[in-house]
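Only one chain is included here, represented as structure tokens and corresponding to the form predicted alone.
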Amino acid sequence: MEVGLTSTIPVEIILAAGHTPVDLNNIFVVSPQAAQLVRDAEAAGYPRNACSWVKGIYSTILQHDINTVVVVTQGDCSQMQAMIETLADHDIRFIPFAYPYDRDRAQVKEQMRRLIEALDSDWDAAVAVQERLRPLRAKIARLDEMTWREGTVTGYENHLYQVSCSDFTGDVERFEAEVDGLLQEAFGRTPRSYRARVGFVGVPPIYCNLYQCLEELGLHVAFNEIQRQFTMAPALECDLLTQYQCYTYPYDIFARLEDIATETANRKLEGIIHYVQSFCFRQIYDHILREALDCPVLALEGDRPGGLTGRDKLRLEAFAETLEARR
């Protein structure tokens, strides 16, 4: 059975139950009809100023006839609860999962226990899946290292394989084979030279050509913040509960800031691109990031799926010139 996900959750529990995880965000954003999916939601009554990710997920659920969805009702999107209520007249089972704001260990464990019960899974089986995934997650961490330390993996490749760790594209073995192939290819590459090294922080972008544009501008994305969190690499050797307690995205901003500051220094980043989604509460974090980081920060706002606007490209070009001049 396919189990849809609205955000990264303990995927080990789904796999332990014998189900196939499907990250609805990934299905939506790579669809050739992504823009149409947003319009379909608006035709169904969604307002223009609702998040396009939410509208896309709504239409994706209906288009792919997904009957079971794990919905992150706390720690991700404030509009998600309303989204599932608009699907109340469809025969869809929604399983809520809430990350506690204060990262309370007992509450995280209780949410995981409820998910196990809802999917008729088992804690020990989930732990066994975690052990099975650990070497694969280590390979993704190696790809990340080859991105920032050796420069033989592109920022886009880093983004793509890290963001895919939310569901491992629904097929762990096939995904691992693809990772192995990229690792083997990257070992034979010659590192490129760039105008500047930058970090990408914030939610993954809705734009389809952002990383390609950055490459063309000579900006090397040596850090993908939230995507790296999806891989669980920072807690690779931890137990299953601690792994999701250390996952920074769904909790307060301060653990994220610590992670960003640490990696900015480790990876010698010269600037930060802070991606914010239109109509998302996380836009408020931009001024906190600027105050906390000791490097130039460019806020880039995205709304609907598609390519960068001309204005976006001009701003990125000016940012690249600024970083190059600072060298």
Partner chain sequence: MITAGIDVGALTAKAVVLDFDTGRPLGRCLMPTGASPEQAGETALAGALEDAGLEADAIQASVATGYGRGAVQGVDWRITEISCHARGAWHLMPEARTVIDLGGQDAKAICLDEAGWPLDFEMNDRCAAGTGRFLEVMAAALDVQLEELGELAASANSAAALSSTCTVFAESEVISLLAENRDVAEIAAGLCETIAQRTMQMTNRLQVRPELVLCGGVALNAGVHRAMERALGMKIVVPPEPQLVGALGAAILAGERAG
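Numbering follows the first chain given and starts at 1. Everything numeric in this text was worked out from a predicted model, so none of it was measured.
Although it is not shown, the form predicted together with its partner chain is what the next lines describe.
* Asked: Of these, 51-59, 283-291, 254-262, 24-32, which stretch puts a heavy atom within 4.5 angstroms of its partner chain in the predicted complex?
  -> That would be 283-291.
* To do: Tell me whether 176, 179 and 183, taken together, all sit within 4.5 Å of its partner chain in the predicted complex, counting heavy atoms only.
  => Looking in the predicted complex, the three residues 176, 179 and 183 all stay beyond 4.5 Å of its partner chain (heavy atoms).
* To do: Look up in the predicted complex whether residue 40 has a non-hydrogen atom within 4.5 angstroms of its partner chain, and give yes or no.
  => Residue-level check for residue 40: no, no contact with its partner chain.
* With a 4.5 Å heavy atom cut-off, would you call residue 325 a contact of its partner chain in the predicted complex? -> The answer is yes: residue 325 has a heavy atom within 4.5 Å of its partner chain.
* Does any heavy atom of residue 315 come within 4.5 Å of a heavy atom of its partner chain in the predicted complex? -> Flag for residue 315 set to yes.
* residue 207, heavy atom within 4.5 angstroms of its partner chain in the predicted complex -> Looking in the predicted complex, residue contacts with its partner chain include residue 207, since a heavy atom lies within 4.5 Å.
* Asked: Does anything in 283-311 come within 4.5 Å of its partner chain in the predicted complex by heavy atoms, and if so which residues, in order?
  -> The stretch 283-311, when checked against its partner chain in the predicted complex, contributes 286, 290, 296, 297, 298, 299, 301, 311 at the 4.5 Å heavy-atom cut-off.
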